[in-house]
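Have a look below at one chain only, the form predicted alone, in structure tokens format.
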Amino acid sequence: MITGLRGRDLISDLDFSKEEVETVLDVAFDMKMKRALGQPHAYLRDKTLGMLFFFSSTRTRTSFEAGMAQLGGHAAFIESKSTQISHGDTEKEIGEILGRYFDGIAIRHVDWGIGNRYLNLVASASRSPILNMQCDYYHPHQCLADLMTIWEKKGRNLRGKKIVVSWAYAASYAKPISVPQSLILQMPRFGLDVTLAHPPEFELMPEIMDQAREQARKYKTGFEVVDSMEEGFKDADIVYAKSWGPLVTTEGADEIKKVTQKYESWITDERKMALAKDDAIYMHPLPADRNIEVTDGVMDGPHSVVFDEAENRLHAQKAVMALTMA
């Protein structure tokens, strides 16, 4: 177990080493067991977390709030539009001032080309750790919960197992690319062979792809990119299929919509799931566009672990908060 995470930021998935991620998940499993047994674990008594949201949330807000309460502390919800950010509070002010009020600052800011820069500027001015609740580049706490879920379902020895991270069609809006980028960075470190499947216009950031390939080389795992959902699903142990916008290649809402509509057939359905292994699991961070992005039969079917995955957001985030804010 690696100690010494107190005061550390978690903005990028690679901010924590592989060994530090293992420590986080060991603590998360311990806290999950304690909650199941009704054992108190108020490691953050009298501590406070400021949660600054520039984007709507269900699971992220509620899991952080519930987690802080279970740890004996308090989480303050701050909606950016209700603050003076639009009237002059810069990243420096937010970091300097909230860093003095709170023992930790968690921020969700997914605006393309803005969010990650904002978090890092706040971090440079804050004396308290900054926790990324999702930015335009990364969603590290979701990825920790995903890895925790995979360990529960597939064991810790993942060497030789295949995860497909696939684009899927959704009509609601151009979703951030942060989830797939976090997955391709983190999963090779734990032995998984990664297949990234997406139409040509839905590429991820070149620098993230380079980092993912470097992680795959370092940990001697497979990494490939295909442009077919069916090819990606074939013989997969883990299917992680969700929508994201063509943000790297396409500009303008009308053009993004036009490009996206070309690929309505990229839906996770029973036929495609049958291409994966018989004991494959289906994962999604939620919310999903039902019967557009994924069928009800898959979402509610025997392969789906989406609700266990959502629960693990609570436990993984509690572990990060306890280790960085104590």
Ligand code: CP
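Numbers for residues come from their place in the sequence shown, where the first is 1. Keep in mind that what you see is a predicted model, and the values were worked out from it rather than measured.
The following text describes the form predicted in complex with ligand CP, which does not appear among the structures shown.
The stretch that touches ligand CP in the predicted complex, counting heavy atoms within 4.5 Å, is 279-287, out of 297-305, 32-40, 279-287, 258-266. With respect to ligand CP in the predicted complex, the three residues T58, R108 and Q142 uniformly fall within 4.5 angstroms at the level of their nearest heavy atom. Taking the partner from elsewhere, R313 is found to have a heavy atom lying within 4.5 Å of ligand CP in the predicted complex. Contacts with ligand CP in the predicted complex, taken as any heavy atom within 4.5 Å, map to no residue of 255-281.
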